[in-house]
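What follows is a single chain, given as structure tokens, in the form predicted alone.
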């Protein structure tokens, strides 16, 4: 039974029904926005953005602060909506969908003014004697924001805060798997006093997302799969508009011989199973040095066997959010099993729960010819591979088409940093799971097929702006240097000046 399925519509718009992954019962229906609907939303947003862009950073920050107030006051409403759509553990809904957005929005409200204020730049050499330069950060206009189903509030609120603080409007297309929480969040925006046309929600599936990309927006911020991200990137290239693509990952964990095995085992289980494994920076490949392999596996099993899966009360691992993802998880584990992997626990749907529940799973004896170690699984699977040494672990960690994040575990922090620097990923954590997205100061983005561009931090915030250089002559009067008329005398003088400035060590030092 599909979580998202078409139903008969009485009007011109396609209509979709959403089911709970926990009970498989319907929880809501919605109409997909048409191409005309999307274009109209963009035009309304463009009119609202013209006024919003004139507001000071302080006034924009006050709006964002009121949004944080609304999120804090109505957090139970958000949590209930997210859990209804995803079946994730309540603790994860609180940490991911409430704390993280509040923290990020507060940071951007506080720091955007300093980051995006006009900057005076010193011009080098002799040019600095005659010219002065200023960089101003202008908003791009209307941002098309396309978000995924694994963190429906967090992965909306964080880029939204950046776009708004930079002076833009936003048209948001949430995942069809989690459409209801997007409407709750939109009501928070309205109650916080954000102009209604400044942020708009267009519901729909992939067709609606494609319409948004083609609608005349000034940038697309996309978080989702590699396959869809490639289509978005190709379209943006054809349209000559910028985009950021935050795509999938296959994050590697390297456990060194001197690691704190208790902490590393905690990190392995938490990093692999958090959010039911639906986390782009989730740990999907674990490479353990031979000397500590057996005790590490024992400690992982001790922790994994204590995990509680459920839908009510206190539990650690919830449902798989989407039936399509459940099929991928099953296929990867069965492929590994058929090729000689050992499934120490789990490896099946939970027979005691009626919905989309895949048991927390621990797999050993894995290799790189298995989909489980090659393709993004996005599920609660701890996949552990024994290696001879740290060099082999690093080589295998880099043997991937993905490069989003990773982690290294060692008591020698300096060694951890050296290994981290050699990993071909967008970011690395030492003795911790992938928390980079939760650090507003850090740029976040992948290498290889894990994405294009950076989100978050100063780089992410500035990515919603056009950096406009404005230069001026210091004198502003008299003849223009190097202007007409051209003469032989002027040519000889310029060549003499070039030899003096660039043909001598002293001249190059002065320049």
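Nothing here was measured: the structure is a model prediction, and the numbers come from that model. Numbering follows the first chain given and starts at 1.
What comes next is about the form predicted together with a small molecule, which does not appear here.
The stretch from 383-391, 243-251, 418-426, 362-370 that comes within 4.5 Å of the small molecule in the predicted complex, counting heavy atoms only, is 243-251. The small molecule in the predicted complex is approached by residue 205, whose closest heavy atom lies within 4.5 angstroms of it. Not displayed here, the small molecule is approached by residue 222 to within 4.5 Å at the level of heavy atoms in the predicted complex.
Although the partner is absent here, residue 176 is a contact residue: one of its heavy atoms lies within 4.5 angstroms of the small molecule in the predicted complex.
In the predicted complex, the small molecule sits within 4.5 Å of a heavy atom of residue 209.
Proximity to the small molecule in the predicted complex, defined as a heavy atom within 4.5 Å, holds among 181, 215, 400, 150 only for 150. Contact with the small molecule in the predicted complex, defined as a heavy atom within 4.5 Å, holds for exactly one of 142, 157, 280, 164, namely 280.
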